[in-house]
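Let's start with one chain on its own, the form predicted alone, as structure tokens.
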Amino acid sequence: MRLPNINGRWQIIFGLSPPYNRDVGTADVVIAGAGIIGLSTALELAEDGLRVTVLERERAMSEASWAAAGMLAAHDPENPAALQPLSNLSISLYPGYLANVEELSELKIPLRTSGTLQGSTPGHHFKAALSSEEVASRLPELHSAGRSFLWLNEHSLDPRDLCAALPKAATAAGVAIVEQSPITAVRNGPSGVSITTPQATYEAEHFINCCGAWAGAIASLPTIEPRKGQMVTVKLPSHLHLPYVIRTPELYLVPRGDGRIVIGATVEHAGFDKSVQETTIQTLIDDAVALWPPIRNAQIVETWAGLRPGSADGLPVIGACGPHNCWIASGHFRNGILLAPATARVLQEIILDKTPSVDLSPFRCDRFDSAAVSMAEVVH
């Protein structure tokens, strides 16, 4: 039994008997969601010898992972302080993570930038701010508009490169990826957890909910909701070049090579709407021109909107959630690309009954108290 929620999506009814005459698949771990969090976790587990099946409601890497800017912004001052240990772990894992995905997929994932000029809000001065001369030496055309700037040694990549490589890498490692397979039920099963889709039922020892902006519907966790972000890619004339990421609390410009620059992004509470408004895109471009005037010479290449998974307190939700051996990894908001290797690592450690590399207590599913509803309860 399934019920439509207010967004027209399916809420999940737990604890019901499975339908008869269905295909049944078995795995050590079933993961819902084939974005960067789900597939990175699947790859980590498969390389430890576990049988892993990933069920994806649409197409692999087609939602927030595809829409992301790709900044590995571990030291963004806008990040919550509680996120720092997980961010540090992820940055330490990233070189090996990319090398492994490249080797398995036989596709390259180049780093596009190696530095960021981080701007403050207007009128605020960073303690370790660059002098105006230092800012001008790195990017003479940059307009400070009353901001101070930090230099951050951080990288960025093009998530579209990961979108091409990561599914191939996971498949090469033995992961089964099943697309067009939304979850309709999760319940206690004979092998631990029974997971139902419209096409089949899967029996697994563990189930991990990595459904991004849709994770709240599966976990009956209303504190995870979509945060819409509209974005635009522009292309500079051949004589212009932006060598670094420029980021402020309101805006970012992320070079992707060949003169392309991603400008983003809005943060909107708009449900599952992914429409793009011309006026919003023009505002992003105007703001980018005010920050770095050469953008006025660029041409629009692409516009889109993505749905980031946001939580009530801005932190991911990672750990046990619901019946025994049911787990969740969602709510990464703007940092899904950054946090994927670390999230995969701590989930692997949880599944294999190891001590996690970082303290996961800030990310507990039950930290939302009465707002959190157990996966074992029926959705009304």
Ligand SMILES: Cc1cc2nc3c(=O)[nH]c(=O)nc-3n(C[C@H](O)[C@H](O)[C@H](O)COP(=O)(O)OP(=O)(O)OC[C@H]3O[C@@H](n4cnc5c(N)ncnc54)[C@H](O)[C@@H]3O)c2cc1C
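Heads up: residue numbers just count along the shown sequence, starting at 1. The structure displayed is predicted, hence computed values, not measured ones.
The protein also exists as the form predicted in complex with the ligand; that form is not presented, and the subsequent description refers to it.
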{"query": "Candidate stretches 285 to 293, 125 to 133, 182 to 190, 75 to 83 - the one whose heavy atoms come within 4.5 Å of the ligand in the model of the complex", "finding": "182 to 190"}
{"query": "The ligand contact at L347 in the model of the complex, heavy atom, 4.5 Å", "finding": "no"}
{"query": "Partner proximity in the model of the complex: W327 to the ligand, non-hydrogen atom cutoff 4.5 Å", "finding": "no"}
{"query": "Close approach of Y252 to the ligand in the model of the complex, 4.5 Å, heavy atom", "finding": "yes"}
{"query": "4.5 angstroms heavy atom contact with the ligand in the model of the complex for G259", "finding": "no"}
{"query": "Non-hydrogen atom within 4.5 angstroms of the ligand in the model of the complex for each of I91, R112 and P341", "finding": "no"}
{"query": "Contact residue in the model of the complex, chosen from L152, I246, L242, L307 - any heavy atom within 4.5 Å of the ligand", "finding": "L307"}
{"query": "In the model of the complex, the one of A67, A46, A27, I351 near the ligand [non-hydrogen atom within 4.5 angstroms]", "finding": "A67"}
{"query": "Residues within stretch 222 to 248 having a non-hydrogen atom within 4.5 Å of the ligand in the model of the complex", "finding": "G229, M231"}
